[in-house]
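A single chain comes next, written as structure tokens; it is the form predicted on its own.
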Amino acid sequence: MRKKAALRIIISVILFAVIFFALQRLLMPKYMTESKEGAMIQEYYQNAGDNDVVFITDCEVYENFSPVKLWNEYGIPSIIRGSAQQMIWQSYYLLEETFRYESPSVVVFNVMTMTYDSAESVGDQSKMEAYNRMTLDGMRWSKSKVSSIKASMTKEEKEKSGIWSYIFPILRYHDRWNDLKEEDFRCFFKQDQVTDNGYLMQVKVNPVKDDYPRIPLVSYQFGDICYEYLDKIRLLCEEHNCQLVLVKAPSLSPIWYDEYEIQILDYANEHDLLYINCLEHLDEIGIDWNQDTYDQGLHLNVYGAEKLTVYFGQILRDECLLQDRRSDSSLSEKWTEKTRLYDQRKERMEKERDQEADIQP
């Protein structure tokens, strides 16, 4: 009898766990049609390994650099570990995790994130919590994820459920019943790929209309925590014999002030780092603000991203001495398939864009 009772208890516990985690999986956002940035972090694991370059931080990398273009032009395999409003401590822990999956020769870090030294500096706390989720929920469980959660939680998150809502996301998403969509069921087991090795493609064209005002700030000084984590990133790269390259993407807004530039130049010079401010090379890159942006200069569309990638690939080849690996048959086979999917996505999105334009009044 005792054995039967014990067996019933075990079966009940297993059944409860299955139902619990199934409900949790169903209620968690899938980010397939809206806020696609939330699906990017988990996509990394399908493409990890054998990447010579890892781009890291926020939309200034994942919408401005094309790994497929970099491969087809230079034979350099790369991946982007980007997410919306990625804070510098999140970049560090993502990079720490990355080195457990692969050994890149170069890490490219976009410096605009140095201007955000706290969740409060982003603005709306509820918005920052949503950004945290888009970065942290997709990470696999590890010491790096736990550390990133602890470093990232807003004051409101800590006061409510703290880390428990990350361990059990159903505590955060239990009220999504009314928001469930077809994709929540369709992508229950496996989600669609929304990026191409971390690049989030945009094909629409929305030209720059006016100059963005350079409104004076109270302070231009980067926060101590930003320097602390930039040091951590630099030392982590050194530990793994990996070159750290600093870059400022060619985004016109938010404004990149001269006072910011001086601080990054000083840091790069002090630590002998390569730093490229793409805003100073727009003519060489060939950016046309009438054609190469989908949101009036905040980010590049695919046509601008491909131009920037061709320009930056020369730097990776000539300054970082990365080799063309297209002669590697197994690697080339993988990237041939990635290119096929990339071209297919581009063609489909262009068709949808043109159809949308045709029905505009």
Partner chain sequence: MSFASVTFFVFLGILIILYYALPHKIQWVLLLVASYVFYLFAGWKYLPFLVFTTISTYLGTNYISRNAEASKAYLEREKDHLSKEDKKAYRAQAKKRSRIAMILVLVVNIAILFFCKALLVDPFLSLAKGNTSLSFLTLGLPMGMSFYMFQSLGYLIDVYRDKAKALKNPFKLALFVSFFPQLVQGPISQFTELEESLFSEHAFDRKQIAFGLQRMLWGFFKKMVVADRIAVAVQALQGEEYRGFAFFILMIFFAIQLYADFSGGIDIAIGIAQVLGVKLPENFNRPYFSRNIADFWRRWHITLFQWMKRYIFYPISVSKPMLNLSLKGRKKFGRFGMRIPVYIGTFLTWMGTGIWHGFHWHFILWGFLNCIFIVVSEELTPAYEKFHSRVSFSNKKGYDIFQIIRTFLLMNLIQITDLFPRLSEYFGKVASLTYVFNFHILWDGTMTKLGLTGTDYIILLCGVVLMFAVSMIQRKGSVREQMLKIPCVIRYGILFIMIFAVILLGSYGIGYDASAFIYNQF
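Please read these numbers as outputs of a predicted model, since none were measured by experiment. Numbering follows the first chain given and starts at 1.
A second form of this protein, the form predicted in complex with the partner chain, is not displayed here; the remarks below concern that form.
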- Message: Please tell me whether any heavy atom belonging to residue 23 falls inside 4.5 Å of a heavy atom of the partner chain, as the geometry stands in the model of the complex.
- Response: yes
- Message: Taking the partner chain as it sits in the model of the complex, is residue 182 near enough to touch it, meaning that at least one heavy atom pair lies within 4.5 angstroms?
- Response: no
- Message: Just checking whether residue 170 would be counted as a contact of the partner chain in the model of the complex - the rule being heavy atoms within 4.5 angstroms.
- Response: yes
- Message: Given that the partner chain is not shown alongside this chain, does residue 164 nevertheless sit within 4.5 Å of it in the model of the complex, heavy atom to heavy atom?
- Response: yes
- Message: Would all three of 19, 160 and 178 be in contact with the partner chain in the model of the complex, where contact means some heavy atom lies within 4.5 Å?
- Response: yes
- Query: Quick one: which of 270 to 278, 104 to 112, 170 to 178, 285 to 293 gets within 4.5 Å of the partner chain in the model of the complex, going by heavy atoms?
  - Reply: 170 to 178
- Considering 129, 137, 97, 117, which brings a non-hydrogen atom within 4.5 Å of the partner chain in the model of the complex? 129
- Message: By the heavy atom within 4.5 Å rule, which residue out of 261, 231, 192, 156 makes contact with the partner chain in the model of the complex?
- Response: 156
- Residue by residue through 4 to 43, tell me which have a non-hydrogen atom within 4.5 angstroms of the partner chain in the model of the complex. 5, 8, 9, 12, 15, 16, 19, 20, 23, 27
